[in-house]
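We begin with a single chain expressed as C-alpha cells, specifically the form predicted on its own.
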Amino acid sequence: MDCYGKYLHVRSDAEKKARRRKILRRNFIATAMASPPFIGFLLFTTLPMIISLAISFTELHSYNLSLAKFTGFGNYVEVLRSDMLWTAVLNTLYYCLSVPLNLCLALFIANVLTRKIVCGKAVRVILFIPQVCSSVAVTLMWQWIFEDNYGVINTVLSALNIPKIHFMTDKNWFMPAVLTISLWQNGTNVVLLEAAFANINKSLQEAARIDGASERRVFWSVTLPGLTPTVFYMVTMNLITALQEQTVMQIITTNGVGPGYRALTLVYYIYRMAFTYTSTMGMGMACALSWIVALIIIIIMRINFKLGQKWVCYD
C-alpha cells in the first residue's frame, strides 16, 4: 500500500522476466538502427583522421604506407617555411570576401521576396536552381562565359568595340570572376533569410511604426536584430566553406594554378602537395598542412562564436 492508501501491484517473476526481455529487445533494435551511421563515422571519418595525423609525421611520396619514414615535426616546419603557403593563405582570405558579399546580396533578395511580386514562386525556383547544380558543371559554364577569346562576355565586348577582359589570364580579374560564380550560387542563403523574415515578430514592427519610426528605422532596429541568429548561422557555415574552397579553383584555371597563382587556395594547395608535387612534397606534407588548416578553422570559428555573443540577438 502506498502513502495514498492504494494497493501497489507487485510483479511476479514471470512478469519481471518478460519486462526485461521487452527492454532488451527495444535496446537491441535501437542500437541496430543507430549503429550504421556510427560505424560509418568511425570507418570513413575517425579512422582516416587518425591515419592522416600519423602520416603527417612521416615522409611519404606514394600510397604505400610501408614506405613512410618518421620525420617528427619536420613536415610542419617545412610547410610553414614554404613561400607558396602564404600565397595560398592570401588567396583563401581573398576568396572569403564571398561571405559578406553573398550575405548582403541574399539579404537584399530575401527582403524583396517577402513582398508580393509577380511570379514570386517562379523567381524563387530560378534563384535556387544554381544551388542544386553540380559545382563542376557550373564552373565549366562560367569558364565558357569568362573565356578570354571566345567567351560570352568578351564576344559581346568585341561586338561593342570594347577591349576584351582577360578574366582567366589576368591576375587582377581572376578572383573577381571567381567571386561572381560564388554570388550566383546563393540560393540556400536566400531561402534561409526569407524564412527568417517570415518569423520576425510582426507586432514589434507595427509598434515601431505606430511610434513614428520610418521603414528604414524599423528594418535596422527591429527586423535586422531578429535576423541575426540566421545570419550568424550563415556566416559560420559560409566561412567554413570558403576556407575550404578547392573545386572552382581547380576546374576554372587554364594552367592549374591560375594567373599569378591566384587559384592556389589552402585546400587546393593540399591537393597539389599530395597529387601534383608528390615527388618533392608528398602525402606527409599534405597531411601536415591539412591539420594546420583544420586548426586555423577551429580558431577562427572560436573567435566567430565569441564575437557572435556581442551582436546576435536571440530575444
Partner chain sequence: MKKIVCFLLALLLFTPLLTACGGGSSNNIQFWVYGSSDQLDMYTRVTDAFNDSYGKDHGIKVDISQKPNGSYGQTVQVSSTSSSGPDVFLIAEAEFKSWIIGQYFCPIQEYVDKVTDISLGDIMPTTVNRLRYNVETNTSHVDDPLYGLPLDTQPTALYYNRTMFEKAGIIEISVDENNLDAWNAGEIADNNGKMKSDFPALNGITVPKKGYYRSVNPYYYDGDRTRGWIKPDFENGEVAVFNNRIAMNWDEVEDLAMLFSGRYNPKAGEENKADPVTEFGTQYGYFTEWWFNYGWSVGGDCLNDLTGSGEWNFSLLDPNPNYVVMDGTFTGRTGTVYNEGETISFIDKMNILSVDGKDEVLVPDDYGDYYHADKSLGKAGIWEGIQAGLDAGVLSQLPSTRDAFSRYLKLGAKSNAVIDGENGLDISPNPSTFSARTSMNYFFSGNLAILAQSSVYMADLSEEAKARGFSWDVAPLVVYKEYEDPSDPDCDTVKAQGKQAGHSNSLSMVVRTGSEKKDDAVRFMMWMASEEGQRIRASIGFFPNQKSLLPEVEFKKGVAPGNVRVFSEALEFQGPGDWWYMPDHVWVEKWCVDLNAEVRNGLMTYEEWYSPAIKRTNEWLQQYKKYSR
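Numbering follows the first chain given and starts at 1. Owing to the predicted nature of the structure, the values given are computational and were not obtained by experimental measurement.
Here the subject shifts to the form predicted together with the partner chain, a form of this protein not shown in this document.
At a distance threshold of 4.5 angstroms between non-hydrogen atoms, F275 is in contact with the partner chain in the predicted bound form. In the predicted bound form, Y261 approaches the partner chain with a heavy atom inside 4.5 Å. In the predicted bound form, the partner chain lies within 4.5 Å of some heavy atom of T254. In the predicted bound form, the partner chain lies within 4.5 Å of some heavy atom of T169.
Though the partner chain is absent from this view, in the predicted bound form it lies within 4.5 Å of a heavy atom of just one residue from P163, G72, P100, G212, which is P163.
The candidate spot formed by L43, N149 and M281 is fully in contact with the partner chain in the predicted bound form: every one of the three has a heavy atom within 4.5 Å. Only one segment in the set 196-204, 109-117, 232-240, 137-145 has residues whose heavy atoms sit within 4.5 Å of the partner chain in the predicted bound form; it is 137-145. Scanning 79-101 for heavy atoms within 4.5 Å of the partner chain in the predicted bound form gives D83, M84 in sequence order.
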